[in-house]
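Take a look at this single chain in structure tokens; it is the form predicted on its own.
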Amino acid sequence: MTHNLHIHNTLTRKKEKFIPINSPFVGMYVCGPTVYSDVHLGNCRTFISFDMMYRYLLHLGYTVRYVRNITDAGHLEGDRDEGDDKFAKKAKLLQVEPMEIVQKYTVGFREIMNLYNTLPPSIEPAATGHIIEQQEITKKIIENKFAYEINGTVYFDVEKYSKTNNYTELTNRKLEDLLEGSRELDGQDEKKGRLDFALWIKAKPEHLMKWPSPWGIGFPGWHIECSAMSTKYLGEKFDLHGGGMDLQATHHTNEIAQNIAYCGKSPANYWLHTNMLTVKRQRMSKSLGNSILPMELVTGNNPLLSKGYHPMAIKFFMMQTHYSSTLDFSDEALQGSEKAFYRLMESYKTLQTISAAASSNENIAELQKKCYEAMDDDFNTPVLIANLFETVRIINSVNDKKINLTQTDIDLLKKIYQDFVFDIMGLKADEENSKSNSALEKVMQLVLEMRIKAKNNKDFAASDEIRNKLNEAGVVIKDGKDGATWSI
């Protein structure tokens, strides 16, 4: 089958056919976590999305080198060039070494990624392991006259760079607007221009993470790390660069500028960005009291949740929204996704038991084609899932003897599940949960029907008792215009 993968490229603001530089080899770089605290849900969504893309590229037959870094140095509070180092601040608070913080949260991040069944990247480099590469790129940028050193700190000269290059090509914003929106330089600020950013920062005596350099003892700026690691492992020009949309305006914009100033090449042909998370249409943040940690989704230990959810049901929920669209979390939405996920898994189990007929009533090859078309259209998992639920309808109809499928079509359905559900979306069948959830659904349906009968017979005492006893058992009944629903 010929595939026609198109990707929405942030750099050009349009959907483009994916043409690798050196097919079948593909280079993909994704900005990884800053490991000074627990990975947040936005990170999870980003890495789950890029895992899905990685899996699809592998499925199409590409040999992919997937590089996702670990930021373990040089990331200051507020993502600026001054203030406290995030790692040092946490280390001082807990009275431990900064690398203890790095180790703890790197291990925690990998455990969460494993929980959501993501594949490990081909290379997972750490910023602290590439100090020399960062210094060498910084030296070259100075030589090319796009950076300057003042009192041991090296700054990138944005306004000089902008005379010959488009600094805002990734965001399509006007440089004048950025200058207008940036803070005024005060008397203590040593930078030449308001938008200039640090490539190397002079360390104060009390700074914990620091290294010798041609400009004195210091540490790298945040943006130079990704330029050094992507260039080292993928070359000066590679295929795909990704991250969360919050990185687009500053981090990724500065990465492009650094690379062009260093070697004359923009790093990647295609830039992809995942969108943000909201909770009941509000941006997720600790200050609003609406943040949810990845493990809290599983344990249910959060006031916004009525219960914990299976990691695969959570992952399925994320896949129901396109990676570039806002994803809104709510307990009700998660409940709906969990039921849908188990329906899909139950259908797969039924597929193993249905019998073949001499002829078919359905075009399964056309359905498979639609699944590929969805993925080829900028990794459109919501449309893919809609097509997969068409397989659920077909399987249930065959099981109910309403339609027939040949053995060839049954085998093709099995292949669709293996390819798209398990290999590409990275979902896992959980036999025990699927079985217990299916049984519970049937039991609860019976109980709700008994309650409706009691109501219809005007036996309100019995109806209320059923509801109250279920509440005591942790089952919440909600009466609505379309009937009663239940949740745990």
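Just count from 1 along the sequence shown to find any residue number. If you're wondering where the values come from, they're calculated on a predicted model, not measured in any experiment.
The same protein also exists as the form predicted together with a small molecule; that form is not shown, yet it is the one meant from here on.
The partner is absent here; in the model of the complex, the one residue of 283, 414, 237, 192 having a heavy atom within 4.5 Å of the small molecule is 283.
Among the residues 376, 296, 246, 331, the one placing a heavy atom within 4.5 Å of the small molecule in the model of the complex is 246. In the model of the complex, residue 277 approaches the small molecule with a heavy atom inside 4.5 Å. Proximity of residue 463 to the small molecule in the model of the complex falls outside the 4.5 Å heavy atom cutoff. Within 4.5 Å of any heavy atom of the small molecule in the model of the complex lies no heavy atom of residue 426. Though the partner is left out of this view, residue 27 does not reach within 4.5 Å of the small molecule in the model of the complex, counting heavy atoms only. Only one of 59-67, 46-54, 454-462, 417-425 places residue heavy atoms within 4.5 angstroms of the small molecule in the model of the complex, namely 46-54.
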